[in-house]
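The data below hold one chain only, encoded as structure tokens and taken in the form predicted alone.
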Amino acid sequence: MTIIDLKPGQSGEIFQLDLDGKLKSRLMEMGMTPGTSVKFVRTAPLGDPINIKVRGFNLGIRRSVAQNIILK
């Protein structure tokens, strides 16, 4: 299950980031580490990006990135 499998208002816990390099490092610096709870807030009108809530702040990420964030 990934973040894009969630519906608005649903939550999940990050299991792993299936990403490489700078993007993975950047997301981890922003608090998206394994064990962290994320909540799917909404999708932009055209479907990309999506808005999630992590550690009390809202974060907009592309669907292509969200499909690589695996949840428990």
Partner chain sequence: MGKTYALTGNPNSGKTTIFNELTGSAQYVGNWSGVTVEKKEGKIKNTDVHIVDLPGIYSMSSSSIDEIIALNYIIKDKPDGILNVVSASNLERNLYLTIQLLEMKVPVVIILNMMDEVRRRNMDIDFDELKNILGTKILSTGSNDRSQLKEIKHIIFEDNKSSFERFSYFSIDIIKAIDKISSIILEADQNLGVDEKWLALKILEDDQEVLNEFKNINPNILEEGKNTRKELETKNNEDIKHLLAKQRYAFLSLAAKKVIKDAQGNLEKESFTEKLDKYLTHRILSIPIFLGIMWLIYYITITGLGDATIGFMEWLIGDVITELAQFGLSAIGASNMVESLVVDGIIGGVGAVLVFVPQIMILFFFISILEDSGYMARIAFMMDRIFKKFGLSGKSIIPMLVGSGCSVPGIMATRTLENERDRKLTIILTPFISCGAKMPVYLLFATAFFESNSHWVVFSLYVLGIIVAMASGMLLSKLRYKGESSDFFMELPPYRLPVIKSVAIHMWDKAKDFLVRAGTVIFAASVILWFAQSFDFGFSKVTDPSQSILAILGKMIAPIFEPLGFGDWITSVAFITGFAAKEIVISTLSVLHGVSEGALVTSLRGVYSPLSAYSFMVFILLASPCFAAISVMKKELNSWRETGFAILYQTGTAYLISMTIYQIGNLIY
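Everything quoted here is computed from the prediction, not taken from an experiment. Residue numbers count along the first chain shown, from 1.
One more form of this protein should be noted, the form predicted together with its partner chain, which is absent from this view; the next part is about it.
Proximity of residue 49 to its partner chain in the predicted complex falls within the 4.5 Å heavy atom cutoff. Among heavy atoms of residue 70, none comes within 4.5 Å of its partner chain in the predicted complex. Contact between residue 65 and its partner chain in the predicted complex is found at the 4.5 Å heavy atom cutoff. Shown alone here, residue 60 lies within 4.5 Å of its partner chain in the predicted complex, counting heavy atoms only. Contacts between stretch 22-51 and its partner chain, counted in the predicted complex as any heavy atom lying within 4.5 Å, involve 22, 23, 24, 25, 26, 27, 28, 29, 30, 31, 33, 34, 42, 43, 44, 45, 46, 47, 48, 49, 50, 51, listed in sequence order.
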